[in-house]
Ligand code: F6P
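Next up: a single chain in structure tokens, the form predicted alone.
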Amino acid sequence: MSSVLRVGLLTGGGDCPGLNAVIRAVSKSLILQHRAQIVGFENGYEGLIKQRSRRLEYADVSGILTLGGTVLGTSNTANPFRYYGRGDADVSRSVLQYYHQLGLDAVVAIGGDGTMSILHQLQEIGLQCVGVPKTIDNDLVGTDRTFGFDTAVSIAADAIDRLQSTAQAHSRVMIIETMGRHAGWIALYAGVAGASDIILIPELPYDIDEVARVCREREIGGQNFTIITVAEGARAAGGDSAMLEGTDRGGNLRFGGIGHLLQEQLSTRIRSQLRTSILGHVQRGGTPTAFDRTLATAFGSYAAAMVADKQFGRMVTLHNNQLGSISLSEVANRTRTVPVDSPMLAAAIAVGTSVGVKDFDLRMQGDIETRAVT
């Protein structure tokens, strides 16, 4: 290692509000506190594979706190252990060679479950690293919150607010499909914030007859509209998740279409007109909320301190409002789903929101007085 601390930095996976805030915090903290040199990799792990990197100076990371996207670019398909650009070949050894060629002391990778799983594999072959949790889905194990989630929920809740007025005006059942392939955090929180009448999440396969019953009762009771918020990975009991054809270049399944499928399932069961809105990538875009800016800054500065203290092979976490870290081995290839005793789920049910499962409130476990909102 050189006497000057040299740190690589990359953003992996889907874009997410707050990425630039982390880039800024990691870089400025290391430059100001440790006179470090920062090397940014372009387009996530693609930059390590194709040897595309550039030096990041203090001025390069100034003025980017509020920007959406990432100034480094990102990719959710480039995997050094199964690189599509070379026939799914394992190019991890050449990645490690490039890491040493650059004289790096560590790499800080900002990303979600896929990014952290790859980072753990790279750590096992000798790359020193620190992870920063990023995902709008809030589904990373070991941390109560990921940055980007608050922004996505705010965008989705705003969309629900707007769609509620048009649903009420036209006496319609409005279905809003949010992101969330395996975990329903966005749908649950946005649905509660937007006063949805029905919230459907992947963790609780829904009974279409129960969903239809709620809609019909609202019709009969004089409430002439219904708002249904559904996560893209939700599915009917005994059925499969709605999928698009094919996979992406990284071999990942492509979820989508549950909103229209749900509309089709309900069309023969209720009288009201149905409309479906798919929020899609709009949930990823734009400037981060103040909460996500501050969380991303805290995560980034903490990651910088971890690098300086040589706490490698770990990911930054937020638990009980305290910053800490967890071994990448505990994060890799795992997903944090909404638990059945989630206090937010309990709150939704308490105010009359249906989750598409008959008598689900009777299944709630745990003492409500000891639940912590996560």
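One-based numbering along the sequence shown. Only a predicted model underlies this, so the values are computations on that prediction, with no experimental measurement involved.
The protein also exists as the form predicted together with ligand F6P; that form is not presented, and the subsequent description refers to it.
Contact flag, Asp292 vs ligand F6P in the predicted complex, heavy atom cut 4.5 Å | The answer is no: Asp292 has no heavy atom within 4.5 Å of ligand F6P.
Do Asn76 and ligand F6P share at least one heavy atom pair within 4.5 Å in the predicted complex?
-> Residue-level check for Asn76: yes, a contact with ligand F6P.
4.5 Å heavy atom contact, Met179 to ligand F6P in the predicted complex | Heavy-atom contact with ligand F6P at 4.5 Å: present for Met179.
Taking 4.5 angstroms as the cut-off for heavy atoms, does Arg271 touch ligand F6P in the predicted complex?
-> Contact check for Arg271: no, nothing within 4.5 Å of ligand F6P in the predicted complex.
Ser196, Thr135, Thr151, Thr143: which sits within 4.5 Å of ligand F6P in the predicted complex by any heavy atom?
-> None of the other options qualify; the answer is Thr135.
With ligand F6P left out of view, which of Arg284, Arg172, His120, Arg235 would have a heavy atom within 4.5 Å of it in the predicted complex?
-> Checked against the cut-off, the match is Arg284.
Candidate stretches 87 to 95, 199 to 207, 299 to 307, 276 to 284, one within 4.5 Å of ligand F6P in the predicted complex by heavy atom = After filtering at 4.5 Å, what remains is 276 to 284.
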